[in-house]
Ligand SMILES: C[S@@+](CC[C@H](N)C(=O)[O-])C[C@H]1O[C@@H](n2cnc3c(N)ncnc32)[C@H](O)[C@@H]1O
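First, one chain by itself: the form predicted on its own, in structure tokens.
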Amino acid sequence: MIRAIYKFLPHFIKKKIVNNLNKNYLFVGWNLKTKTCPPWKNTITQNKILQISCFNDLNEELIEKINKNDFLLNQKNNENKNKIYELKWRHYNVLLSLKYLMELKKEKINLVEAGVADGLTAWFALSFLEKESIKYDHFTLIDSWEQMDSSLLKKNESKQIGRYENNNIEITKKNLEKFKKTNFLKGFIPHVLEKYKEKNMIDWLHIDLNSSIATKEILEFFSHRLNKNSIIVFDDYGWPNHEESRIEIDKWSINKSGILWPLPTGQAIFFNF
């Protein structure tokens, strides 16, 4: 009965109700609510080992760029700064994985992202590399920049069909234009991987493909291209609608030398030894 009444309430009243229910939480976003202190709230300003001091600044910088249309979001229902706040813990984990690589004293790192969309994650990663003066030879960005192909989806992933039809590689290139060492590979996995010509091993791989078949293909392709002490960040690991991807990730990692660390954000990080 309550749900039926709620359905017909005006949007601004719904928003007030939700805000009131969430007011006692220290973080709300991306299916995560917590009253524990989020990691970006520094207790010691100069704590450079445990905290990423520039994270809040980067988050606010991106919101300002979105508000000024200097960064365009090409996915439906994402065109507001609140979405960036909701993704805050997700993006923090991405940067923490890069911080880990930096602390390993790697002189240079090479990076790949599979599943790029408008470049949100790539922007955070590239901005962090720049802020921390972390050297890298290349950052390869792989995506179809089209709606998902039904032939590359399993039956119970059919809800993905038609998603991302608004993705546009030119928008993504514009969003990331200030970063010069980016290489864009447009096409569907696995066929697009024929265009990958980098010879150097990679240290960081971010996978956000929303498809178990594509996830399996990308893992198989890069398995022998991973440096020792490299990292894979999975975006789709813990989500109920991506169970097939989680199964493929588990099967791939079970015999690998490393640790798979699932996170409450739905992400997982694989530390490759």
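So that there is no doubt, residue numbering starts at 1 and follows the sequence shown. Computed from a predicted structure; not experimentally measured.
The same protein also has a form predicted together with the ligand, omitted here; what follows describes it.
Colleague: Exactly one of Ile109, Ala125, Val116, Val112 has a non-hydrogen atom within 4.5 Å of the ligand in the model of the complex; which residue is it?
Modeller: Answer to the contact question: Val116.
Colleague: Select from the listed residues Phe184, Tyr136, Tyr164, Trp89 the one whose heavy atoms reach within 4.5 Å of the ligand in the model of the complex.
Modeller: Of the listed residues, the single hit is Tyr164.
Colleague: Residue-level contact is defined here as any heavy atom of the residue lying within 4.5 Å of the ligand in the model of the complex; does Ser144 satisfy this criterion?
Modeller: Contact with the ligand, yes.
Colleague: Does Ala214 reach the ligand in the model of the complex, with heavy atoms at most 4.5 Å apart?
Modeller: So Ala214 counts as contacting the ligand.
Colleague: Using a 4.5 angstroms cut-off on non-hydrogen atoms, would Asp208 count as touching the ligand in the model of the complex?
Modeller: Yes, Asp208 is a contact residue.
Colleague: Give a yes/no on whether Ser97 approaches the ligand to within 4.5 Å in the model of the complex, heavy atoms considered.
Modeller: Ser97 lies outside the contact set for the ligand.
Colleague: Is it the case in the model of the complex that Tyr196, Ser230 and Ile269 each bring at least one heavy atom within 4.5 Å of the ligand?
Modeller: Spot residues vs the ligand: no contact at all.
Colleague: Where, among 186 to 194, 173 to 181, 126 to 134, 98 to 106, do residues come within 4.5 Å of the ligand in the model of the complex by heavy atom distance?
Modeller: Correct option: 186 to 194.
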